[in-house]
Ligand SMILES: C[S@@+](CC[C@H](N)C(=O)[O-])C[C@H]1O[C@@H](n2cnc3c(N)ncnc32)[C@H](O)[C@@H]1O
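Single chain ahead, by itself, as structure tokens, in the form predicted alone.
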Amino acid sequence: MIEDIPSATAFGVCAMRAFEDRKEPAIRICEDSYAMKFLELNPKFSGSNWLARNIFVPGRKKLREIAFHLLLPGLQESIATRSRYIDDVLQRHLRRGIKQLVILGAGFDTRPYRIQAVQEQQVKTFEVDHPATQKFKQMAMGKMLKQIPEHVEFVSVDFEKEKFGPKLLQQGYNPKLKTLFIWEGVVMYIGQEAIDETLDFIVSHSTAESSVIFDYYPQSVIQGDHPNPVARRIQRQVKKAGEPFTFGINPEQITPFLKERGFVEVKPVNLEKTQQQYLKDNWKKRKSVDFALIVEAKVGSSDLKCRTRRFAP
């Protein structure tokens, strides 16, 4: 991303969540009442302002068809399904007693503020992100909430230039507590070294039964030669925005990739199929892209960590 400027792709994803939040309940996949406010508070992001000024105005629904269905059919559905699925995973882990939540590359993620159980249980939450995006996020949340909740801690870090682990530890992360790491919409934008270092930190600084969930694209999307034209268009657009795709991994490789790095109970998910669970009879009208993938995995035992750890903590 461009230095000192909040992530353009983070605003783009936020715009899609804002649009989804305005849909009628029968076809709404996810909810995020904060998303629209982020767009309204950023006058420099012309794309989001265009959405804010036009796409939600009654009588202008055809703009949606042009912007999303015609140019990038299925992309919004994949973003909305991803958000909803991770929400559900977080709710499940909250019921199972996690004590910490780490959101890597948090962007405009609002789970610490809109998911009631996080607030009620006062789950210590660490939002880790680039300083420029995080600065805007803190300003915006401050205006929306008046006061940032005490259970939320902001950790500023550039994944490509810095190791997030030491900063996370400095700001109170406790390796002895059961933790869920959410890594949404990030992996495809960073290099393998940064990915390996992040996964290694999770394995070597978490208790067994802690988990990570993240989304990823196949290598063909990153290279720009995926058979789906939407994948090729997205690849060109993020490159033009100065935030090109960097890392991809094919679905048949993801389980051995994570097990080699000390994770167990790897659960790959295809968001196109998962979407059917949320839309039920309406899913044929709103189909997600076929290349959006997600995976959840648990941290293994101490013995397994010692055998598989690739980098020193």
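Residue positions are given as counts along the sequence shown, with the first one as 1. Note that the coordinates shown come from a computational prediction; the quantities given were computed from them, not determined experimentally.
Absent from the display: the form predicted together with the named molecule. The rest refers to it.
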query	finding
Distance check, L293 to the named molecule in the model of the complex, heavy atom within 4.5 Å	no
In the model of the complex, M144 touching the named molecule (heavy atom, 4.5 Å)	no
4.5 Å heavy atom contact, E193 and the named molecule in the model of the complex	no
Residue contact check: K124 to the named molecule in the model of the complex, 4.5 Å heavy atom	no
Heavy atom within 4.5 Å of the named molecule in the model of the complex - the one residue of E120, E160, D88, D225 that qualifies	E160
Interface residue in the model of the complex among V299, V289, A18, A10, criterion: non-hydrogen atom within 4.5 angstroms of the named molecule	A10
Residue stretch of 145-153, 229-237, 205-213, 180-188 approaching the named molecule in the model of the complex, non-hydrogen atom distance within 4.5 Å	180-188
Contact at R82, G105 and T133 by the named molecule in the model of the complex, all three, heavy atom at most 4.5 Å	yes
